[in-house]
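Taking the form predicted on its own, here's one chain by itself in structure tokens.
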Amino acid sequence: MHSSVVELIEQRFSASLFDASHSLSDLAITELTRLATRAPTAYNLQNWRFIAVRSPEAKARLRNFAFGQVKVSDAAVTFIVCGVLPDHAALAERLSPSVEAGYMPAALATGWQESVRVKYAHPQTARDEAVRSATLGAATLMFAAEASGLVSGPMIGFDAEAVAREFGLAPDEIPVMLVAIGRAAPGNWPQKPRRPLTEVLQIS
């Protein structure tokens, strides 16, 4: 296992205190998002969207719907990580590069489209997949931040309906998580101790 990857995993902590004077450029935000989208999704749906809230006005609005959490506005950027309900009609375009490159037979891509249509016909199953995809993207975003010398703070404490309304989310988009990213201010706690593996691991 690559030692630098292990170090990133072991040193990452959920930041609450950010340097409010620190900012991130469009390029830096774009690169963080590019890396986040390397996370896996079922059928390569890529059913997510990342809203980078950076301006003071937008941060203030978001903070108002996140129960006043200061890190929303102190971080250089706070992402609204959205899961999108699976859409079988959109899958052809997302699979076409693999088909054109010869990695995937065209018939298999067509079969995946039908599988998505059937599998996610139930609203709860579709919502579960949207949440899974957004969560994988958010986790990858946090490690991209860590690799860039930044810290991150994931948040589930926010009014999802208000965020969806105020930030113009589409009906098929679910705001799953907020992720604040920036430079750490003094006073953050280190990574908290984890439960013993004997309590969480079963090898069959």
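Computed from a prediction, not measured in an experiment: that's the story for all the values here. The first residue of the shown sequence is 1; numbering continues from there.
Beyond the structure shown, there is the form predicted together with a small molecule, which is absent from this document and is the topic of what follows.
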Can we say Ser14, Gln69 and Ile156 each have a non-hydrogen atom within 4.5 Å of the small molecule in the predicted bound form? yes
Does Met177 make contact with the small molecule in the predicted bound form, using a 4.5 Å heavy atom cut-off?
yes
Does the 4.5 Å heavy atom contact test between Gly187 and the small molecule in the predicted bound form come out positive? no
**Message:** Quick check on Ser25: any heavy atom within 4.5 Å of the small molecule in the predicted bound form?
**Reply:** no
* Asked: Is Gln191 close to the small molecule in the predicted bound form, meaning a heavy atom pair under 4.5 Å apart or at it?
  -> yes
Among 143 to 151, 45 to 53, 27 to 35, 156 to 164, the stretch whose residues bring a heavy atom within 4.5 Å of the small molecule in the predicted bound form is 156 to 164
